[in-house]
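Form predicted on its own, single chain, as structure tokens, below.
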Amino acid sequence: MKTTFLGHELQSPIIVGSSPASFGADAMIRCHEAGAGAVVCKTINRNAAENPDLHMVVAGRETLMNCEKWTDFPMERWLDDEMPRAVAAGVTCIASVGHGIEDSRLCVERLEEIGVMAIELVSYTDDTVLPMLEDTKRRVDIPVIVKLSPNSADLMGHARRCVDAGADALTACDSIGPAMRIDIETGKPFMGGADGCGWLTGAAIFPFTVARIAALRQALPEVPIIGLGGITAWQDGIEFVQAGADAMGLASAAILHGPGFITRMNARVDAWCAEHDVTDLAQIRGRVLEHLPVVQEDGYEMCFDFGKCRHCNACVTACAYAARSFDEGGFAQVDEALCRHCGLCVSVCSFGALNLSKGQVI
């Protein structure tokens, strides 16, 4: 599904975030050919990054941890080779630049001349990002996006100050951390940085990102948002939009599964939209806000579909109150005296055999 973002028509709502999946022109072109609407390059800095060995590791299911810095190409290579090649190949490019005004002032005008769609500034405190933003807005006419950090002690205040200073859009959000994983056989951290810590991306941070997107959409209803942080399935992209995102940003999934993930996700999103008569994502953008604050209903009725049940016993096992069981005929039973109406049993049912007849918030 084509979409419009910051005045540009994109071939899809998927935007590949700054990551190893967009480390240079070749990687950006692969993402574009796979169907990405736009691609954000690795963050351009005055100096090429020197990363430790083991600066990216698996930290859980569909979850990564990294302690890498910015691009490992010097700025001149991006300006003279990588970005011109990506633009020439038809990639809708967003140039990530950070982490201070000393970096941005050296390249944003050149990047605009090369033909990038927008600049994404990366720097997480007011005293660094606001000077970058104000200076960049004076230098270029293309849109300027600010990438937010979920680790901010004042995320909403920071976002408002960036918008007041001229940010045309926000990316929500970057990785969460610091985080650590330990090899229990050696006692050593898996991560190669000096403190053994890294920054978490992928499935583990998805619910945090959804909450931040919804909060930003409530507070800043007119500001375009790239939702970024945790997409590992096509349904996650729909969820981001329903939280309030204008575009579906992804990075870890493209790293773990390659650009083919983008193609598959686009196909499934398009199919879902067709099934639900969605011809424009604006129809469902911020849909969750219609249901906030959540109105609690008194009680609910549990429904059981025998035909869908596989009797895997997941609902029984997951009930800490021992309220669930099956009778001799294989029909689900609930002991109302023990049941706390927590709803976990519905969530763990993978086959749709359990559902609620009212108050369906799970």
Ligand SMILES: Cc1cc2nc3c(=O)[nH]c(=O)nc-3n(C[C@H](O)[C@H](O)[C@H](O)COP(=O)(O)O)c2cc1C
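One rule holds for the numbers: they count along the sequence shown, beginning at 1. Small disclaimer: the values here were computed from a predicted structure and weren't measured.
What follows is about the form predicted in complex with the ligand, which we do not show.
Listed stretches are 130-138, 74-82, 252-260, 215-223; the contact stretch with the ligand in the model of the complex is 252-260, by a heavy atom cutoff of 4.5 Å. Although the partner is absent from this view, Pro20 contacts the ligand in the model of the complex, with a non-hydrogen atom inside 4.5 angstroms. In the model of the complex, the ligand sits beyond 4.5 Å of every heavy atom of Ala245. Among residues of the shown chain, His32 is not one whose heavy atoms approach the ligand to within 4.5 Å in the model of the complex.
Looking at Ser104, you'd find every heavy atom of it more than 4.5 angstroms from the ligand in the model of the complex. Contacts of stretch 142-179 with the ligand in the model of the complex, defined by any heavy atom lying within 4.5 Å, are made by Lys147, Cys173, Asp174, Ser175, listed in sequence order.
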